[in-house]
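The form predicted alone is given below as one chain in structure tokens.
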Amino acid sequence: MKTFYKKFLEKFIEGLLMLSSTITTLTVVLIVFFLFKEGIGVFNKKPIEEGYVIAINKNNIVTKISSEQIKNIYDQKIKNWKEIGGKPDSIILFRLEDISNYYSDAAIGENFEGLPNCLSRLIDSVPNIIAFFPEKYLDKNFKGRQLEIDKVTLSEFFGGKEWFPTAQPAAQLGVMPLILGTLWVSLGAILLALPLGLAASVYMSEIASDKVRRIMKPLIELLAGIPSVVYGFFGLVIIVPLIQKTFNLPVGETALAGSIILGIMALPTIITISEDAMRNTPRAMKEASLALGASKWQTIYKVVIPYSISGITAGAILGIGRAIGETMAVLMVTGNAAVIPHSILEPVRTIPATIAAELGEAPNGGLHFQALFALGCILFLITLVINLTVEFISNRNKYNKH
């Protein structure tokens, strides 16, 4: 009877563990599915604000126009239809608030009942006009022609150099500055944190005395619990002015400041996990290496590090993940400028900082909202590629050692 209950209990616990792992796996899969479902939706929308139209005269030979061209037209960088494949005529810009320059209040109507007819007549009478107005004021017998706007394309999204999702009349969704900003800051943090973290973990596990280790390890683990906003304040007060003074820059909020702060934030994770992995190296292996005539440093390099490479890799991945996904500290010290950086001493804007700063003001389900989810997809893929690369390198080194 006892054997039956024991087997039943074991099966029950196995079932609970399997259920727990299944739920966890499904949750992760569903989160990733939801992220990509929302993010991919941005490519099914036009960059023009929902509920608005861009109209031109029916005799205008221009049929298609890109969001960048629309922005340049309304910024008056493009002033002639010839520049976008039309006739050599100057472009006349029109927004809804300009209607009073063409028609009286009586013609428009007290409740704007005459506005659709006024807009139709105006666009029909001005050959080189381009008008941006709400779709609800589009007359049933509209005499102009709505301009065809292409949906957001992959090339525009990934290759665009401007991120201005709230721009009117056409949003600019170029993520190139955000991707480059994220890579600048993250790679700088990785280059800073990995060597220092590995050196510190080697010292604590193989060189430091027990007394020093008992003091240092709790202090390092304590750093991991400090809120990111505190690191941001530290960077803003100490690191940013130091960089500005050292390099004689107009502002100190740069990619370098973000890299230093993220490197410091990633250190506790890398050191703690790597040190634990090195401490688990069997004593017999180290003693055998020393007995064969290897020095202490040769033993560390040839025995300890190769044996604990999986733990070091795990620490590196977790540290890198924190560096890439960090939000608040980066938002505070990098300048938050969505421009393509040419050096690490320029202000940048990262993907996590952009999502954190803009998600609260993006209308649910709108173009801006889905563009931010697409940024989340990019961040996920960047992290995945880096993790797989680190895993591949560590596995290759491990097999080469054997």
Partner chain sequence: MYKIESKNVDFFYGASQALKNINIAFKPNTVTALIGPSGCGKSTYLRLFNRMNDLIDNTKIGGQILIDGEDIYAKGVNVDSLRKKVGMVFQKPNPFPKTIFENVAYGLRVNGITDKKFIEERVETSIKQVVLWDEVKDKLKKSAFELSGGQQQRLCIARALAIQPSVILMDEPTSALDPISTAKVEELIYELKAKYTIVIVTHNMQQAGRVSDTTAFLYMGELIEYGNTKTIFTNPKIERTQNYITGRFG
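Keep in mind it's a predicted model, so treat the numbers as computed, not measured. Residue numbers count along the first chain shown, from 1. Between two forms, the rigid core is defined as the largest C-alpha subset superposing within 1.5 Å.
Quick note: we don't show the form predicted in complex with the partner chain, though the next part is all about it.
Trainee: Quick one: which of 297-305, 161-169, 195-203, 116-124 gets within 4.5 Å of the partner chain in the model of the complex, going by heavy atoms?
Mentor: Looking at the partner contacts, the answer comes out as 297-305.
Trainee: I'd like to know if residue 285 sits close to the partner chain in the model of the complex, meaning any non-hydrogen atom pair within 4.5 angstroms.
Mentor: Contact with the partner chain, yes.
Trainee: Just checking whether residue 292 would be counted as a contact of the partner chain in the model of the complex - the rule being heavy atoms within 4.5 angstroms.
Mentor: Yes.
Trainee: Should residue 210 be counted as a contact of the partner chain in the model of the complex, where contact means heavy atoms within 4.5 Å?
Mentor: Yes, contact at 4.5 Å.
Trainee: Any CA movement of 2 Å or more for residue 140 between this form and the one not shown, core superposed?
Mentor: Residue 140 C-alpha, core-superposed: shift of less than 2 Å.
Trainee: Fitting the rigid core first, would the Cα of residue 102 be found 2 Å or more away between this form and the one not shown?
Mentor: After core superposition, the displacement of the residue 102 C-alpha between this form and the one not shown stays below 2 Å, so no.
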